[in-house]
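Here you get one chain, nothing else, as structure tokens; it is the form predicted on its own.
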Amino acid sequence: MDYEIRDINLAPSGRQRIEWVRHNMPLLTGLKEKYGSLPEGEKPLAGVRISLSIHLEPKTAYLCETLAAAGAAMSVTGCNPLSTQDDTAAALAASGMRVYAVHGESEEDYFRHIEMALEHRPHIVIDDGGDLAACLHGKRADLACEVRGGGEETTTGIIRLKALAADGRLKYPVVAVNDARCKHLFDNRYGTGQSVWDSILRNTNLIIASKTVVVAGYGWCGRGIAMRASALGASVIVTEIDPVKAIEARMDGYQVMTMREAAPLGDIFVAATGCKDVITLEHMVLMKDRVILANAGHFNVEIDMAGLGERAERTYEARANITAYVMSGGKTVHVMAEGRLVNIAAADGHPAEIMDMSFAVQFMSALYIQQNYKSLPKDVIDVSAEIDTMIAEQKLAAWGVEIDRLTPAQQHYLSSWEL
């Protein structure tokens, strides 16, 4: 058995939690049953080595097991040092998978585990944030020669991969899983919207109604965060750099202003931009005493943690997952989850039903790569409309929902210039 985890004896707890999500992920369950029932030689991923770097928690574990049921040999690591759940890692290791992840590991160990997950020379890589891709295009470029393709499920990761492709340096085709309608319209908006507030609520034990919430960024994640904050009774301010998105936010009923203008007004700040230095020390010195800062972007660069640490006279743990930074004059700034992804580093991440759709897209994209890699360009490519539609139809079927279908006459009407 090949693994590096916290404690293999945690496996029963992890198995119990994987079983819980299994019952709430009908799309993956259907795929697992469909392909798992085939003879070994007929499984579509038979003999395919997959390296996966996604937040290592029960929903991700069930994706790993679904890929394995289709024949894949899995090598698994996390994509954030604080998002790994040790009992889940133990459950996968106990099942015989290669697993390299420990909650709270050092940055050095985190990147060492990224390399270890690539050591079995993958044919397909599945990324959340692009750390496997970064390693394959940098320190371990020697391992990229057998990669047939990859899948990336974050906005941040796709931005970086498109930059590689624009420079002509992308070494293999990558499916932009995040851009699928069945991913970003639901995962980024409803998943992030609910899970961010789940984390803030459970960790602060404070009411949201009556507070002013500042949301930085009005992409799909920001939309979801603002929508849920408003539903909880908060007054919402949105900060943006895109004038079109700023108009959307204003027309959705939110105040729109610069971060400098919003800094003295907010009680809770949530960054969701994918960019760095969104909330800086310049902003923090203007904020209220006991303000709460949270990051919902993939990397821990949206809040200037280094600047805050240098300016603070002392720090202490205010509650689990909340660090208090005491400034000169006594003002305190509270930062959740060390400025890392708050909904997964300090909670359980997106709901299982949401990740069922996202991971079904990821699974089908892996099959698509395996079936088509010889003809795919070394570029960032879209999820096919057929995959998107199939997953949406299966999700509706799982809910017992039927929708109308176009008649032949309607199809002709919509596809013809003739009235």
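This one's a predicted model, so the numbers in the text were calculated from it and none came from an experiment. Residue numbers run from 1 along the displayed sequence.
There is another form of this protein, the form predicted in complex with S-adenosyl-L-homocysteine (SAH), and it is not shown here; the text below is about that form.
Taken together, Asp187, His298 and Ile344 are fully in contact with S-adenosyl-L-homocysteine (SAH) in the predicted bound form: each brings a heavy atom within 4.5 Å. Annotated contact segment (heavy atom within 4.5 Å of S-adenosyl-L-homocysteine (SAH) in the predicted bound form): 336 to 344, selected among 261 to 269, 336 to 344, 206 to 214, 100 to 108.
For Ser199, no non-hydrogen atom is located within 4.5 Å of S-adenosyl-L-homocysteine (SAH) in the predicted bound form, even though that partner is not displayed.
Although the partner is absent here, Ile54 sits close enough that one of its heavy atoms falls within 4.5 Å of S-adenosyl-L-homocysteine (SAH) in the predicted bound form.
The closest heavy atom approach of Met355 to S-adenosyl-L-homocysteine (SAH) in the predicted bound form falls within 4.5 Å. S-adenosyl-L-homocysteine (SAH) in the predicted bound form comes within 4.5 Å of no heavy atom belonging to His113. Along 335 to 361, residues Leu341, Ile344, Asp348, Gly349, His350, Met355, Phe359 each place a heavy atom within 4.5 Å of S-adenosyl-L-homocysteine (SAH) in the predicted bound form.
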